[in-house]
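Given as structure tokens, the chain that follows is alone and in the form predicted alone.
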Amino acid sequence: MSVRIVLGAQFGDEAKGKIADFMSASARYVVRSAGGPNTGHTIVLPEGPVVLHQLACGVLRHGVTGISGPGMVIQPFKLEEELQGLEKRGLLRGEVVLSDRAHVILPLHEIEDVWEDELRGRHRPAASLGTTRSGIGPAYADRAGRFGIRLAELSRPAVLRERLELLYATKTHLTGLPPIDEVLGRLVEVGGRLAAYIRPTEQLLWDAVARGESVLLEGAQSALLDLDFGTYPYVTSSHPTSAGALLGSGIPPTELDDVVGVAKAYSTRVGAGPFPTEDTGERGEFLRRVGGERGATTGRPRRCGWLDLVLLRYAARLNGFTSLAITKVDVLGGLERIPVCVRYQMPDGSTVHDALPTSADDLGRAEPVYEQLPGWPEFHERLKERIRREGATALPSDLRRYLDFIEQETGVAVEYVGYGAHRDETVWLGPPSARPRPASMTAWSG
């Protein structure tokens, strides 16, 4: 039995979906714990690529149940399209369960998301957050304000009407909202079509843990976008941390076994916000081109840069990583030298090793200090086939030294390495061994 969490350790887009899918092969339940259709977890199957937005990757495997958990905000019309798309391709192989406690993203939330981001931009262009405008923030705000509507209410038209009328009363600043009767009718209809999937999930998971079955909690977004501990205000509206995964699934912390943090061998970021290791020159464009760095949900080009060990150390401490998964090492193949940020130099002359400044403006002024590490050969098909056949021993020696450097600097063992986009292009390095906290990390009291 195990309860494991897999979550992003950077600014998102670390190939979390690929690693979660790899780990789901040994799971009985996979739970998406937060977020909504603003995410896109890409998994490359033999039948072709699949992008999951609101479904857990467990739905792609026979004998696995994929749960969209209570911590999510769900756009039911888009979810229905996602289900239909998988069914049409014959890829809906696992069981689908939707938590009745998950909140609903309504058309007015999408309208409000656009209104809010345009308001920020008019106030100050740099204040625009670059959201996906899919209604995530307003839906979470209404949930916190206790105006929200949950999936459970879709089967109760009288309650649903009452909730909608109250919610609409809070949105008088918005124009162009669809009539309540129209929204009510559509929600009741889609609720009827989704009813077979909607059920309480906390007891389901508690019973699974009691039976000794394996549960995997699949994070969306990433730790540095956490509402409290990320680069606020350039963050998401939920808690994509290990603590948030527990809260968004209903599993108590006493049942947790492992937390796997996923990081690219370099760094990317979509949207606005500080990015100390961003490379806006030719090498950044190289990473974008070779890495195929465009958002799975929006198609926007990602900002690209180098591995930031300051932020990775911070994410490791915040989330209690028991191991790391380093992905997209193939993208760096063929480079002679690879820069890695080991600390920041701040304008006041101080250095930062493992902290995220509270102010995003302060992080934006941090100067990364790099160490240059030797690169490794290109990942041609012969090398990939050898790794499939021989496992971790076939990884290039300079890549192993790169991974060792990450382990030494973070104090967290690398357990998985992703060396290509396909499902089978992930290698397990073996069980992680405990490592002492690096001396370079800031001491804490106690």
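What you see is a predicted model, and the numbers here were worked out from it, not measured in a lab. Numbers for residues come from their place in the sequence shown, where the first is 1.
This next part talks about the form predicted in complex with guanosine-5'-diphosphate, which is not shown.
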Quick one: is residue 13 in contact with guanosine-5'-diphosphate in the predicted bound form, heavy atoms, 4.5 Å cut-off?
yes
Any chance residue 421 has a heavy atom within 4.5 Å of guanosine-5'-diphosphate in the predicted bound form?
yes
Is the gap between residue 40 and guanosine-5'-diphosphate in the predicted bound form 4.5 Å or less for some heavy atom pair?
yes
Looking at the partner-bound form in the predicted bound form, is residue 44 within 4.5 Å of guanosine-5'-diphosphate by any heavy atom?
yes
Among 239, 302, 313, 109, which has any heavy atom within 4.5 Å of guanosine-5'-diphosphate in the predicted bound form?
302
Which of these residues, 308, 354, 330, 142, gets a heavy atom within 4.5 Å of guanosine-5'-diphosphate in the predicted bound form?
330
With the partner removed from view, which of 142-150, 87-95, 321-329, 241-249 is the stretch that lies within 4.5 Å of guanosine-5'-diphosphate in the predicted bound form, judged by heavy atom distances?
321-329
